[in-house]
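In the form predicted alone, a lone chain appears below as structure tokens.
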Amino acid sequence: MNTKTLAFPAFSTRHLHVWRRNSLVWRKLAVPSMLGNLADPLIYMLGLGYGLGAMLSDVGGMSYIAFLATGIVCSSTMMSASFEVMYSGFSRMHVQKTWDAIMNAPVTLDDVVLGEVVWAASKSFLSGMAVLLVAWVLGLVHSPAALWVIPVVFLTGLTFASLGLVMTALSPSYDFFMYYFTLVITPMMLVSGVFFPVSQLPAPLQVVTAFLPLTHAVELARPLMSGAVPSGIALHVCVLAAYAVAGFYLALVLTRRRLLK
């Protein structure tokens, strides 16, 4: 790689035009898109929450459906950001050549990549907030402290959008993304405290989960939604931010290598 490829990002406010372009396109299909993003997490939350929850006692001092809802807010944000930045982002980058067209204007690749990440985070934020709203309607949120989940959801979206964009930069086709979902996203969702407490895992696996970004998102959101103050707030925020920054820089370097030959 040359020096230009590894250079630190150089941003401008032009990335907002990329964000706006994507939002205008999405607005035409906003309703079916939101319903599609909301259906899967609600099936998990309501099906497992009421079905499995009827056979379980309280988990972590709350009903199982309330426990599950806090995890689903974060996992739905993760899934939405990942899908958007990979499948839709890959279409714009490789199939439709939208990025090439945008860069004919005075917009740099750095701004295009930043615009894509911020857009994916914004879209995933709506998914997370929709689940949070459903949880509130069902009476699973009892404290104004849950409002602090809002920045947590957006930071989670930024984190997984940045990580997903690394896969987009490497992918030769849509099929490539299945490896990421099968080997990374799904296992992470299963062991990061979404469906059951991390403390139930074997000790060696608990060590692994401590390094997963979704674990830190859940550790922030769950206490807040139950009206408590999370422990280790600074650590959780720093881990998510570190994944977001490192993932974004790696994605940008790989995208530069792919497109700026």
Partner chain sequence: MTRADPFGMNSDNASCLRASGLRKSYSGQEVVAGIDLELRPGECFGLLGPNGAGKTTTLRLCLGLIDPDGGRIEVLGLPVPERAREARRRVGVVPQADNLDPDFTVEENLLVYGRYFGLAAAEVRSRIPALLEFAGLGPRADSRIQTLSGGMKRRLTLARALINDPDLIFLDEPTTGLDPQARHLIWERLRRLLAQGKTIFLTTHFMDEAERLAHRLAILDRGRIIAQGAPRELIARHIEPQVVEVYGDGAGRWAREFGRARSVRCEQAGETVFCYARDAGPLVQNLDQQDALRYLHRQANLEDVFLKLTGRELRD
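All of these numbers come straight from a predicted model, not from anything done at the bench. Numbering follows the first chain given and starts at 1.
What comes next is about the form predicted in complex with the partner chain, which does not appear here.
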query	finding
4.5 Å heavy atom contact, V25 and the partner chain in the model of the complex	yes
Touches the partner chain in the model of the complex: P106 (any heavy atom, 4.5 Å)	yes
The partner chain contact at S173 in the model of the complex, heavy atom, 4.5 Å	no
Exercise: L147 in contact with the partner chain in the model of the complex, heavy atom 4.5 Å	no
In the model of the complex, the residue from V191, M167, I102, M79 that sits within 4.5 Å of the partner chain by heavy atoms	I102
Partner-facing stretch of 123-131, 148-156, 92-100, 67-75, counted where any non-hydrogen atom is within 4.5 angstroms of the partner chain in the model of the complex	92-100
Contacts with the partner chain in the model of the complex, stretch 140-165 (heavy atom within 4.5 Å)	none
